[in-house]
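This document opens with one chain alone, in structure tokens, the form predicted on its own.
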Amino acid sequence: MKYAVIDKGELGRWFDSLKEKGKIYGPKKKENAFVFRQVKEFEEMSLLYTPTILPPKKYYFPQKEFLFKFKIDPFSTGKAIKEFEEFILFGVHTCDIAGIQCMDVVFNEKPADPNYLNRKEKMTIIGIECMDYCDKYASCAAVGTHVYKGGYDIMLTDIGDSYAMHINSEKGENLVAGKKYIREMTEADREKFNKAFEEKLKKFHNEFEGELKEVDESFDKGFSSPVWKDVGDRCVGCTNCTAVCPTCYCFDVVDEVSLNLNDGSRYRVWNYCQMDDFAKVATGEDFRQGRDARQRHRYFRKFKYSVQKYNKYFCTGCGRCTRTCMAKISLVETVNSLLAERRGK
């Protein structure tokens, strides 16, 4: 069954059936924003939400992850985490699913990361399609993440009084198998689905003032652009943009010794290219002095280097960097400034 349909009134019932599969994490309201947290009751979730403060990345690439414990005398080491639990991410936006796909490429590259891959194997993704812009900061249409392109087990699409379910994996099939309240898609359902998709596409537009080919050319010729000086002068170095990004994967490895100076643990923790000392080496040289160089590096990591290495844009258009920037630096405005410079405007 490739496509199925579930009435909205039955969604809570289906949610309850998922609890036996593992912990469920979904979008919950927190003051004036949303966060991914463990959800025990369906009513706790908000399926219509602006992107969460942090992406669901924190569950498959934790902000702080213990790698192993050690003893000095007698010397021994042991894994800090022996097993990973099954869990479900419920209601994930297509931009965040695109972020997961980017991380898959990175952590599958040799030498593959076993912790990431083991967690990913235990993860089930139930996505929800955005039928309109989340807010003014989203730029998903510019990079093509406003429509789903794989990377999930089930995708939910609002078609009025029910949700269409695109079942995309064996895991997804197992989540709907035997549920009599989930039916196969009929021709009438298909018409609603197609109409909803057509109406959705009318609402989205390319947020960049040029196609991605032009964006590529702008980055090709824009390494020495004065745009970076302007962005660097405005940047306050808060690192919010990298902290909330769904495709930033840099980390540092720390050895921490207990007070007895014999026991300890090694862990990895998120690290950010926007930090002042990120590119410093032991002798004191800094390969990216100044916030203009660091900001330029961040943009090139999303629109140039990742395309050259992985053939993928590592900007998913979620808008988090712009939304959380203390200096009000807009990703869309920065890219459009590069495009305007290329055209001589």
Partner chain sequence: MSKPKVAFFEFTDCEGCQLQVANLGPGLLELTKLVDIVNFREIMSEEGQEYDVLVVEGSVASKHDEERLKQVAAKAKVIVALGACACTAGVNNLKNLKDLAEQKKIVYGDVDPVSDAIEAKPIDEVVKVDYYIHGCPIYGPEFLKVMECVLLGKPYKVPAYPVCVECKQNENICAYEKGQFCLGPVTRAGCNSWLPNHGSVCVGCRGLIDNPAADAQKDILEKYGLTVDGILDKFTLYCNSKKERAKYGKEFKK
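Residue numbers count along the first chain shown, from 1. As the structure is a prediction and not an experimental result, all values here were calculated from the model.
Beyond the structure shown, there is the form predicted in complex with the partner chain, which is absent from this document and is the topic of what follows.
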{"property": "Leu11, Phe90 and Lys179 all contacting the partner chain in the predicted complex, non-hydrogen atom within 4.5 Å", "result": "no"}
{"property": "In the predicted complex, segment of 197-205, 125-133, 256-264, 181-189 with a heavy atom within 4.5 Å of the partner chain", "result": "256-264"}
{"property": "Selected contact from Asn168, Gln101, Asn240, Ser225, since only one has a non-hydrogen atom within 4.5 angstroms of the partner chain in the predicted complex", "result": "Asn240"}
{"property": "The partner chain contact at Thr324 in the predicted complex, heavy atom, 4.5 Å", "result": "yes"}
{"property": "Contact of Asn32 with the partner chain in the predicted complex (heavy atom, 4.5 Å)", "result": "yes"}
{"property": "Proximity of Phe303 to the partner chain in the predicted complex, heavy atoms at 4.5 Å", "result": "no"}
{"property": "Touches the partner chain in the predicted complex: Val147 (any heavy atom, 4.5 Å)", "result": "no"}
{"property": "Residues of stretch 207-237 in contact with the partner chain in the predicted complex (4.5 Å, non-hydrogen atom)", "result": "Asp233, Arg234, Cys235, Val236, Gly237"}
